[in-house]
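We begin with a single chain expressed as structure tokens, specifically the form predicted alone.
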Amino acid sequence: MKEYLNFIGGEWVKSESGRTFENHNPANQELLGTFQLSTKNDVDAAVEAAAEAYKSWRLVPAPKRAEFLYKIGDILKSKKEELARIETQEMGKVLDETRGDVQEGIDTAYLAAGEGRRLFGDTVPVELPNKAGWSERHPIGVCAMITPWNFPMAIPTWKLFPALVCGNTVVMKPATDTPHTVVKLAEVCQEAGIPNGVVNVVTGGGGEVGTALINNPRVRVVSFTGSSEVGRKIAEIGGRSLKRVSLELGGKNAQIVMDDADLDLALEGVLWGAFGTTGQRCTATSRLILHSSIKEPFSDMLLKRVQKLRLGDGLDEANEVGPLVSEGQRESVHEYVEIGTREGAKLVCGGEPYTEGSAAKGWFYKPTIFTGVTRDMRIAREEIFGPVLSVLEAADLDDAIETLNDTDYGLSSSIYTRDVNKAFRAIRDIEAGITYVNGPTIGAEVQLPFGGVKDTGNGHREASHTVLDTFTEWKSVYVDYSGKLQRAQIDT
């Protein structure tokens, strides 16, 4: 079985620990390979390589840096099917979805490359004669990127590519459940000719590798996607050294279906939103808020469709729902199902592992629906990160929006209605970073900002041009060509 190495300073190297960890396919427990169980010294070596590379990379003109990203995008495009299959094997979601994940990486490469000829600042009037003023973006330095397992290609590229085009260098720590995809991404960067040390990958556990990255004084930016609990700890550590910290955290997303909605369309939306990626998205539809007048018929429609979903290995294109990523994740999901039952919610389908046929070897869980859920229940308030949907009832639009907002999170949201007035009221009043009208809570595009409010993050956004604010410092420039001292803000 192949042993995969760390990528440090342009070389593939073993960890100084001499230890490795195994990567298994969650659909059947097949051993996919072994990866380095790295130490603080490995992290320090990677940061040192990135710091050294930063000295020259920051001076490469941004349009030239962008050329590398165009090459990377082209290589990703040529390897799309190969990378999608690798991702399905190590993460579990079906091929249609992993192809989309790789496509998002391709889109991000081209979007970030386009910024190489923009990276706009502002040129503004100044208050004194014979003087000019403008603002510029400048790189910051070494960026640490700690990425999750549910989008092992898309999310790393959201972070990596904008950082590179801005002139920063990077050390990445992929999730231990999905290291292979990020190692392949590093191979693509190397194939594209990225200079040594500009991109580095160190695999291993968050406790050792992640902590060492965050604490290293030469790391100036930390970009993390994961749980709100871990995000708070990272923010505390970063705050002590005034590092820039970008956090994209949890969600408890809801889809509202009003009485005037196209119910067939809304049904397709909630099926995709709740059970796509086996519910393992930060934007997944975890709550369904139904207008009381359509609650019963819509619930019946939903139950019939959910019971027909086909579970199995994501490499089989006939399957619609893959496994959960690990045994621990399946146990966590089942614990929440038990909590919901104890709280008094009605379990109408699912609620147990799926072990039929070849699925017996994997970490599958039946798509699960609870009805009779109230706002105060834990299954309506806490992120489950699995194929579990809680159905709540609302009397009218105001009640639906109030119910949707009654959570600590605020990432994605959705409303199905034919009434444009209701749609615009929802856009205005929903507390979330993303709102869809007549679409599911999942499906973000890279040209628009991605992120949320409340416990979903700390105000930064990924994707779009807004991500550039994470990876650049602003510098204001004043040029006085009057030949004499001019004092601004002084009355004359």
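Numbers for residues come from their place in the sequence shown, where the first is 1. Worth saying up front: this structure is predicted, and the values here are computed from it rather than measured.
Omitted from view is the form predicted together with nicotinamide-adenine-dinucleotide (NAD), to which the following refers.
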Contact test in the model of the complex: T225 vs nicotinamide-adenine-dinucleotide (NAD), heavy atoms, 4.5 Å: yes
With the partner left out of view, is G251 within 4.5 angstroms of nicotinamide-adenine-dinucleotide (NAD) in the model of the complex by any non-hydrogen atom? yes
Check whether L83 has any heavy atom within 4.5 Å of a heavy atom of nicotinamide-adenine-dinucleotide (NAD) in the model of the complex, and answer yes or no. no
Does any heavy atom of G207 come within 4.5 Å of a heavy atom of nicotinamide-adenine-dinucleotide (NAD) in the model of the complex? yes
Looking at Y54, Y436, F35, F450, which is the one with a non-hydrogen atom within 4.5 Å of nicotinamide-adenine-dinucleotide (NAD) in the model of the complex? F450
Taking 4.5 Å between heavy atoms as the contact cutoff, choose which of A109, I256, V201, C282 touches nicotinamide-adenine-dinucleotide (NAD) in the model of the complex. C282
Exactly one listed stretch (372-380, 227-235, 259-267, 111-119) reaches within 4.5 angstroms of nicotinamide-adenine-dinucleotide (NAD) in the model of the complex by non-hydrogen atoms, and it is 227-235
Could you tell me if all three of A46, L185 and G197 have a heavy atom no more than 4.5 Å from nicotinamide-adenine-dinucleotide (NAD) in the model of the complex? no
May I ask you to list the residues of 297-322 that have any heavy atom within 4.5 angstroms of nicotinamide-adenine-dinucleotide (NAD) in the model of the complex, in sequence order? none
